[in-house]
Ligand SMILES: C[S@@+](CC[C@H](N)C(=O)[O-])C[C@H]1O[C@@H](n2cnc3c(N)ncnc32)[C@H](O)[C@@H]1O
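A single chain comes next, written as structure tokens; it is the form predicted alone.
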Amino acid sequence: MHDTKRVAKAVLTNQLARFAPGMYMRLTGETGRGLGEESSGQVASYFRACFDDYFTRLGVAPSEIGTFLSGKRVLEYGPGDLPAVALLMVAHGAEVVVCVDRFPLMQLTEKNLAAINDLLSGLGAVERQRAESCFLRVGDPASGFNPDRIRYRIYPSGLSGLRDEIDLVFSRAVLEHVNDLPATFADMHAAMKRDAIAIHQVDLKSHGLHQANPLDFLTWPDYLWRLMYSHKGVPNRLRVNSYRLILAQTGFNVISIEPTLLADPADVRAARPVLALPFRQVSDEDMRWLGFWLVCGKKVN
């Protein structure tokens, strides 16, 4: 009875997300960060940490970030309700950041504007001047974002459509939500210049959709999962083995791919007998991966 109610509710809300995505996002209060209630200071701290994480993972020292980003054109998939990492990228030297999303999440709410001002106050004079150029009225976040610096684009496919113009691609907890991962990597590959780098943090957990076992959300049949969740941006459930295969097929050179969290082997053993068909051939080792960092570039022929 519990499962029947869950399926019925999920299917109905999935249709709401399909035909009225803006309404669905407002009703759910989705921000793209997956957090609960938070202060503007916490929002700002989150985005600073995200920005720092990318360059730590890339091996770029804080003193070298400006040189690394200088003049670069950057692409972000899934910026959520505030393109704050994009703002920091421009502040530290990027020429322009293109932000692409499937859903119209961006909101210049009072809290988000306060978070932007918090970010601005933490910048040096040069970086702050660059950041303030990101707004339609220089220095006024409430005026909205200047498309010469930050281009916020909503496409149902979540694809950029760019060709050979991007130097750096990044995302955080986004790729696990896309409906067509091969198409997303193909779009990314097409958008990147020959020497471009892509860096992504991928979260393979259930995002709250499991019950007793962190892997039991993989027991739902694929057709039923699509009926329940295909238009909501919830996890596509693909495991790390699928990412490796798609990367190889698309023509990426994997620089590094490292797990951020591993499931307990006991949870894998418990879930194994009842896994849905697409996951039965995934190795126990790959099934344990609940998240990872990926750094990759185009293969040079």
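Bear in mind that the values here come from a model prediction, so they are computed numbers and not experimental data. Numbers follow the displayed sequence, beginning with 1.
Missing here is the form predicted in complex with the named molecule; even so, the following discussion is about that form.
Across the options 208 to 216, 190 to 198, 102 to 110, 117 to 125, residues that bring heavy atoms within 4.5 Å of the named molecule in the model of the complex belong to 102 to 110. Mapping the unseen interface onto this chain, S157 counts among the residues with a heavy atom inside 4.5 Å of the named molecule in the model of the complex. Although the partner is absent here, F47 lies within 4.5 Å of the named molecule in the model of the complex, judged by heavy atoms.
Put simply, R149 is far from the named molecule in the model of the complex: not one heavy atom of it is within 4.5 Å.
Residue contact check for S133: none of its heavy atoms lie within 4.5 Å of the named molecule in the model of the complex. When the named molecule is considered in the model of the complex, only one residue from V98, I166, A173, L88 comes within 4.5 Å through any heavy atom, namely A173.
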